[in-house]
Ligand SMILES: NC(=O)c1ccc[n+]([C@@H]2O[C@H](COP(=O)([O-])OP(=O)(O)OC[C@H]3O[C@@H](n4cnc5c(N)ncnc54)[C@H](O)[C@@H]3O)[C@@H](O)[C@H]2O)c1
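One chain comes next, on its own, written out as structure tokens in the form predicted on its own.
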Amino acid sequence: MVKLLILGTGNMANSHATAFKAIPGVTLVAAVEIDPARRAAFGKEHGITNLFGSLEEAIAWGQFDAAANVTPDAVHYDTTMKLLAAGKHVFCEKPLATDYPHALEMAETAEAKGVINMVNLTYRNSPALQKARELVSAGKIGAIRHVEASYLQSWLVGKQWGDWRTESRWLWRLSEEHGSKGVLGDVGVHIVDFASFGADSAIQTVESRLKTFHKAKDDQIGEYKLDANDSVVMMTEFANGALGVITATRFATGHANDLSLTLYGTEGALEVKTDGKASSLKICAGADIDTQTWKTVDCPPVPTTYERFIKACNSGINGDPSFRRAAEIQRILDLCFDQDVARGKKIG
């Protein structure tokens, strides 16, 4: 039995609570939320009676084994470090931290404490991605030479998720002053993990370009200065020697939330696609190479990140993606941000 605390009660917290409640052997024993009304509503919705206004109160109470950290990005470091100090297992939302030094410290602390530490990189739940990694590791497409990966959204063009010009839940994502690190900080962590996990190889070097587009008069709407990046292109070299191009944008008309990964090897190629719900995998290998024929690969269901975390808590063997993995991804993102600063940021 794993007694779980939910830290934070925003939209993703509901997803966490629902997912964890569905796993046998898990009990939601407590929740932390500073806002009294939201705290009460969350407790009522998920049947949680032990409700706290601060993490310190919850830790003093202490009757939980693990915590799902669903606080805002900038709070992940402080709250997670307190949980680790208390010896609690932690399942943290992405990104692990807002910069590499803090993420690395979190990873090293968790490892030194010997507690389970994982990050909710949700696209690891794609059966197609997991199967692609398996085929790459087995040498089914030979040595990888080239990688193409993209994360495409279009909410700056369409209104499928609401109107970003009038809704604060989207406007803050466009403003560095409100804590946003743009599309790179928001979904870049996913596509960097998606590409390097699928390729079964770490990214060694990266050259990037970030772009913030002019979107409103004086590049501001109300209190929101629209200065966070909207698109990113990364040129990468992997540890296995492959070159790659990784892109992410919020201007991809026709794509609500689409991730794709194509891996080109010396003996074949793989193509992964997912929208976070459904996913597909195709392969071109063997005799099909000469006719450029792609065939669909069957992909069995895989455990979710939530299920893997609970399994890790029960077994005592840490699962993946770990804090260490998330820190490595943050290192790549930090390099991109540093290159943008060195180049001189401007909106155009």
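Residue numbers here begin at 1 and follow the sequence given. Because the structure is a prediction, the values reported are computed rather than measured.
A second form of this protein, the form predicted together with the named molecule, is not displayed here; the remarks below concern that form.
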*Exactly one stretch in 155 to 163, 133 to 141, 268 to 276, 76 to 84 has heavy atoms within 4.5 Å of the named molecule in the model of the complex; which is it?*
76 to 84
*Among Lys215, His255, Lys94, His102, which has any heavy atom within 4.5 Å of the named molecule in the model of the complex?*
Lys94
_Contact residue in the model of the complex, chosen from Thr71, Ser196, Ser208, Thr249 - any heavy atom within 4.5 Å of the named molecule_ = Thr71
*Indicate whether Lys225 is a 4.5 Å heavy atom neighbour of the named molecule in the model of the complex.*
no
_Partner proximity in the model of the complex: Gly10 to the named molecule, non-hydrogen atom cutoff 4.5 Å_ = yes
_Taking the named molecule as it sits in the model of the complex, is Leu28 near enough to touch it, meaning that at least one heavy atom pair lies within 4.5 angstroms?_
no
*Even though the named molecule is not shown here, does Arg38 get within 4.5 Å of it in the model of the complex, heavy atoms only?*
yes
_Using a 4.5 Å cut-off on any heavy atom, which residues of 114 to 129 would contact the named molecule in the model of the complex?_
Asn120, Thr122
